[in-house]
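In structure tokens, one chain follows: the form predicted alone.
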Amino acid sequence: MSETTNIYSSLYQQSIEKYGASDPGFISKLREDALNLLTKNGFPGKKDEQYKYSFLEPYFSNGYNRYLAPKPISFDVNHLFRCDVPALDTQVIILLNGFYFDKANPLKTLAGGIIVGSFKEAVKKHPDLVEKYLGKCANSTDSYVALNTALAHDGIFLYVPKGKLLEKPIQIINVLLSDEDLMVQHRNLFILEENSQAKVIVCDHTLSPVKFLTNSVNEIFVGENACFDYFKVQNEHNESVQVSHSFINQEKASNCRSTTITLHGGVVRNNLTVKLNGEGCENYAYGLFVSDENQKVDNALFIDHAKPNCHSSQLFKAILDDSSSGAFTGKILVERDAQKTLAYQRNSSILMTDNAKMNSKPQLEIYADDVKCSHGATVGQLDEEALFYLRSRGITESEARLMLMYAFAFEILNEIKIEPLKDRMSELIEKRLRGELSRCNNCEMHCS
């Protein structure tokens, strides 16, 4: 066992001693199995193909404080923090350092029997429902997922019953606030039964100038004929490291759309795994990141076409400046019975300097013979002819470059289907490209 895994094995024992008695049997079993996997396999090394462009173990052995329960922190919410989108009409939920913030009302039942709130509270009040789904689609062989399973104590739970519509989107604000370096782990479980609909917006923010490490897992179940929209914006400072895992399981004729926009962050690794587990599924995955200085952003996708007549489309873009680096690894698997599959994947990146670096690895693995699949990747610089054309019309070089970069990014922004969010993200991207984006711009949360 390595020194790093020893750290978490010891933390696991502390967790069992303090909270093990309150965990239901299925949670205890999941935690134990996850720890066994972690101690057996350790963390991925530099030569591990799955994390080829992101060697993360040094961050996980870097001496962060790790809390098993929320640490008391005071701040006043005069007006709910709306992630810099004033016109967005949502139901706001706050996670503070990985723990549900509203202790007075940890689990809410909305109209139609929709349940939303603390994952920890859902385990207590709805153990049968949680047991049915928890751990069923998360990758059981990934050591970082195993670490989360072993040690995560809270997060967000969402349950939308059969045939129900969540009228207002759920907006989850992940707030990191501490006076000392901190590691955070939270577990989110989203369940949409057949013929239901929901939208979830996740906003990640660091509000303290210390080092943060986040290792989060989302499990998302989209039932037959259900529709789910998931939007995530990452806006953390350069001393942050975020490892995010999202697992989506779709049933017959379901539709799922996910978008991840990385505005800012020191080191970011996003894993997205999708299983199309019923005929007629549609999945659309979009991503955009803008990086500068020495920032690193790595997006990894795996789309499993397990059933026939399904459609998937992935489009990920990146703009890299200074000495920043990025990576995209996308794999589409078409299983033997998945005839009539339509699958499309594209990754495009712009390098603004000679020192910026992008690694792109699109992949297709096809075992069916009646499919239409394509993939591609481009890495280059701004089009000099287009730049010359704009400058010949009296536009300054800096504005011409900005226009071309924004046009490049707009293809992703245009896929955001919530108009106030789309408008605000467009403004923030433009500010980011100009170098004007303030991480806490318009924050109405007064912290201490």
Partner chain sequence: MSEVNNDILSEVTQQDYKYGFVTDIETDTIPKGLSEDVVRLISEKKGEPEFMLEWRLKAFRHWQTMTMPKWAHLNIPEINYQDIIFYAAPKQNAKYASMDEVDPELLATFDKLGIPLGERKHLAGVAVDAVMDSISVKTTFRESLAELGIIFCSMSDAIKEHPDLVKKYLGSVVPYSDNFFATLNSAVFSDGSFCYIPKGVRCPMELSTYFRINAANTGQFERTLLIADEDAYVSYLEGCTAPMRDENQLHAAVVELVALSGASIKYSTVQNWYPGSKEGKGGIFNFVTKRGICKGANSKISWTQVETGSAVTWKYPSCILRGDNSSAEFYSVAVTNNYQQADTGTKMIHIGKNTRSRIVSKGISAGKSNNSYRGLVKISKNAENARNFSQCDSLLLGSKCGSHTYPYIEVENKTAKVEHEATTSKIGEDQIFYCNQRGISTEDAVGLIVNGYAREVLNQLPMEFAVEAQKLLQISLEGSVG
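Residue numbers count along the first chain shown, from 1. The structure presented is a predicted model; accordingly, all values stated were derived computationally and were not measured.
Same protein, other form: the form predicted in complex with the partner chain, not shown, and the subject of what follows.
J.: At 4.5 Å between heavy atoms, is Phe60 in contact with the partner chain in the predicted complex?
T.: No, no contact at 4.5 Å.
J.: Against the partner chain in the predicted complex, would Val379 count as a contact residue? Criterion: heavy atoms within 4.5 Å.
T.: Output for Val379 is yes: heavy atoms within 4.5 Å of the partner chain.
J.: Using heavy atoms and a 4.5 Å limit, would one call Gln197 a contact residue for the partner chain in the predicted complex?
T.: No - in the predicted complex, heavy atoms of Gln197 and the partner chain never come within 4.5 Å of each other.
J.: Is Cys373 part of the interface with the partner chain in the predicted complex - any heavy atom within 4.5 Å?
T.: It does: once the partner chain is placed as it appears in the predicted complex, Cys373 has a heavy atom within 4.5 Å of it.
J.: Sort through 303-311, 158-166, 281-289, 355-363 and report the only stretch with a non-hydrogen atom within 4.5 Å of the partner chain in the predicted complex.
T.: Stretch 355-363 is the one.
J.: Ok, Leu207, Leu351, Val241, Met183: which has a heavy atom sitting within 4.5 Å of the partner chain in the predicted complex?
T.: By the 4.5 Å criterion, the partner-contacting residue is Leu351.
J.: Could you work out which of Lys29, Arg391, Lys52, Lys422 is the residue within 4.5 angstroms of the partner chain in the predicted complex, going by heavy atoms?
T.: That would be Lys52.
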